[in-house]
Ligand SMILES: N[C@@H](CCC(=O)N[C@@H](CS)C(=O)NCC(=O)O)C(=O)O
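First, one chain by itself in structure tokens, the form predicted on its own.
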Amino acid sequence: MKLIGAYRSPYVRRVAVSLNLMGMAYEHDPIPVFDEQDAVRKYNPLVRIPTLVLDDGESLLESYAILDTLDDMAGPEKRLLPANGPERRALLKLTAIATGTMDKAIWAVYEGRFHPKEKIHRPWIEHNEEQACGGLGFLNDCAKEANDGWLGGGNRIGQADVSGAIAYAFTNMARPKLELAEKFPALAAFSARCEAMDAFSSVAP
């Protein structure tokens, strides 16, 4: 398999960490999507990352769909989300809050990155930062309740943990002035614990 996209993207990184946790070998191709669009387009008409190219040449698009397919490939012992039932819904909710936090942090970054200075809308940046902090606050409460365990409970790491840890790490990197460690200490500690694992540290941004 080949994973396309830089680890700086939290979506690429959550796929990479998941592959590591599942023990699935892959090749990493950190194509800069804004600079080499044609190189991505041949695998993904949307020119988006992550894109995962399977060994038979099939391309999987969008991190949520990639991860759903990988769960099926991994089987019940290694999958990172339950296949069905109330537990799946609860963990999907946590994962959705984590990925929504990533979305909002990225939108705050893009407002300044892709607009000329005179067209940057500061209230829109602040709105997205506030929403990101809302997601982090929810995850912080989960981390506090989990103590030294996992965000969604259970006896091993799952997708809610992967995405929650990466959501914090990415937002903290992208919006350092928000002083997230002081605001969300339980989540900061949880993310640091995950980042110390080889599955995370081997794919650092």
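The numbering used is simple: start at 1 and walk along the sequence shown. Nothing here was measured: the structure is a model prediction, and the numbers come from that model.
Not on display, but discussed next: the form predicted in complex with the ligand.
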{"item": "Region of this chain that lies against the ligand in the predicted bound form, out of 125 to 133, 90 to 98, 70 to 78, 106 to 114 [heavy atom, 4.5 Å]", "value": "106 to 114"}
{"item": "Option touching the ligand, based on a heavy atom within 4.5 Å in the predicted bound form, out of Ala146, Val47, Met173, Leu54", "value": "Val47"}
{"item": "Listed residue that, although the ligand is not shown, lies within 4.5 Å of it in the predicted bound form (heavy atoms), from Val33, Ile157, Cys142, Leu180", "value": "Val33"}
{"item": "Partner contact for Ser9 in the predicted bound form: the ligand, 4.5 angstroms, heavy atom", "value": "yes"}
{"item": "Contact test in the predicted bound form: Glu62 vs the ligand, heavy atoms, 4.5 Å", "value": "yes"}
